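To begin, one chain is listed below as structure tokens, in the form predicted on its own.
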Amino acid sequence: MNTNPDSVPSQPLKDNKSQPKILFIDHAGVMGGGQYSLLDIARHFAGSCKVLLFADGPFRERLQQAGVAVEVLAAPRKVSGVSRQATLLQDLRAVAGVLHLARSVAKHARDYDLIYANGQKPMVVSAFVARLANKPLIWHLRDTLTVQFESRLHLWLATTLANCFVARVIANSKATAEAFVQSGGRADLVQTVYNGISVAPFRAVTSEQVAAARQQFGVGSAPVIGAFGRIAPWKGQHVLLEALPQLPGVHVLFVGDAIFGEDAYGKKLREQAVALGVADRAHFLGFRQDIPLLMSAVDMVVHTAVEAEPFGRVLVEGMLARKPVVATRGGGTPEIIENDVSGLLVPPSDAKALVVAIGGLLANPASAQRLAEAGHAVALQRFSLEALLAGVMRQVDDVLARHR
């Protein structure tokens, strides 16, 4: 997911000596939604934590810029190359690499009070680390554990390791938590802590900057939709393209990149835009770091995931930008948006419903403004960065107290 990289962080904890020492572990070098969230969390603990990455890339650079200790411990290719739908043979080939990586991580873990796995792949490695180093393990679960996304073997492996070696599962939504339990995870392990985002970068955007951005894209006074997020089939950008011919004069900014090997899908989207005759109104901007500005420059934010979205960080960002948000119903999205109160929800993979929702908001500015203001209030109240950090800290304190 391509989200705001310039969110204003909480201040690092002042008395590092009295704070828990946390070893954060992440598999990615690129910036996705989970990485932006971990960046905020680790920055909060700067001085008393370290982040271990299994791959190098922009994420390491962002952590270093934030003053967070970070080290890259490259995963063997047979480990890093395992996909969610990997075969049994591929998984077996990765076992030796996982164990080798776990032994290396365990050497680092001995100097810390707690291990914090940011995602599923880091959790698999960290489960063995926790046992080797005798340290409590928190798994921040950011994905929906269902057969739509994972092989049955991976579902079994993830829940079995969690049930045996994880002290606490932090889920980013109730939907994520429920999927974990339905897949075989222990209900007593999981607590929901919603993602949180700082409003400060959105408030800092000026009207002059917005006008300049719209001029840059050559959209003038035309209606502009923003579609933010990584380019991936399950994110459903193709559905928005299907709707675009029925929205004459409307432009779309597709902001995001194919960061996990979905380049073929990105190429297909551009070909689809040409085939539908909307290439002049579909603007593919790739990865951008000025998300608050771009969200402020569009008339609404539309998110068209065709599979259940675990949380939906871009939805909250759109709400913080005071834009009406249209999103597909499913996963954690209804926990963020109440239909026709703080945004609009449509069925997944339904281009016709999307046309009705978008067209209705464009035809009724008062309704669009009502949804935007209500969404903004919800985002400030329920999905603040402060709420995220407080929730994480409660779980860390509780796990360490139980471990002691």
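Throughout, we count residues from 1 along the sequence that is shown. What you see is a predicted model, and the numbers here were worked out from it, not measured in a lab.
Below, we refer to the form predicted together with a small molecule, which is not included among the displayed structures.
Just one of K268, R103, R288, R322 has a heavy atom within 4.5 angstroms of the small molecule in the predicted complex, so which one?
For this set of options, the contacting one is R288.
Residue (of V169, V255, L145, V125) lying close to the small molecule in the predicted complex, criterion heavy atoms within 4.5 Å
Selected residue: V255.
Closest heavy atom of F54 to the small molecule in the predicted complex, within 4.5 Å or not?
F54: no, not in contact with the small molecule in the predicted complex.
At the 4.5 Å heavy atom threshold, is F59 in contact with the small molecule in the predicted complex?
The answer is no: F59 has no heavy atom within 4.5 Å of the small molecule.
With the cut-off set at 4.5 Å between non-hydrogen atoms, does P348 touch the small molecule in the predicted complex?
No - in the predicted complex, heavy atoms of P348 and the small molecule never come within 4.5 Å of each other.
With the partner left out here, check for me: in the predicted complex, does some heavy atom of G29 sit within 4.5 Å of the small molecule?
Outside the cut-off, so no.
Choose one stretch from 71 to 79, 95 to 103, 212 to 220, 304 to 312: the one whose residues place a heavy atom within 4.5 angstroms of the small molecule in the predicted complex.
Of the options given, it is 304 to 312.
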